[in-house]
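What follows is one chain in structure tokens, specifically the form predicted alone.
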């Protein structure tokens, strides 16, 4: 792996880790959601400091160079994260839909009770 690529990979990984930790300290992201980014950053730091790992894996899998292995590896991890986020989004949308329906039912009940109360007061 080229030295300049290793340096860029290391810098970007450290910045990603710093940014993630900074957002955790500001309470802008939950720790459980930031674990993916921290682990990804650590993995990229390890790959940039020890390029022989990427070379070994790329030889086993059949990539021509370690860089050609790292890009699909990162894309694959991000696709997994995207799928997981899609699952969470679907779950939250169902919950929001259910809460909106429940809220509408409760509002209707309150409206009917208020009307009954006004009718009773008129009598």
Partner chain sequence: MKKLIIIPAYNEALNIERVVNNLIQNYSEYDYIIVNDGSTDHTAEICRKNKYNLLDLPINLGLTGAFQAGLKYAKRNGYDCAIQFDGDGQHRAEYIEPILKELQKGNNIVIGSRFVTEKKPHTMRMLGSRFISFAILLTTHKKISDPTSGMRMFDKKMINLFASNLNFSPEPDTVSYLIKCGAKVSEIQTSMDERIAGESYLTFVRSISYMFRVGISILLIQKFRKKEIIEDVEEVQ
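Residue numbers count along the first chain shown, from 1. The model shown is predicted, which means the values in this text are computed figures rather than measured ones.
The following text describes the form predicted in complex with its partner chain, which does not appear among the structures shown.
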Original post:
With the cut-off set at 4.5 Å between non-hydrogen atoms, does residue 112 touch its partner chain in the predicted complex?
Top reply: yes
Original post:
Just to confirm, residue 96 within 4.5 Å of its partner chain in the predicted complex by heavy atoms?
Top reply: yes
**OP:** Spell out, yes or no, whether the shortest heavy atom distance between residue 11 and its partner chain in the predicted complex is within 4.5 Å.
**Re:** no
Original post:
Would residue 15 sit within 4.5 Å of its partner chain in the predicted complex, counting heavy atoms only?
Top reply: no
Original post:
Along 75-108, which positions have a non-hydrogen atom within 4.5 Å of its partner chain in the predicted complex?
Top reply: 94, 96, 97, 98, 100, 101, 102, 103, 104, 105, 107, 108
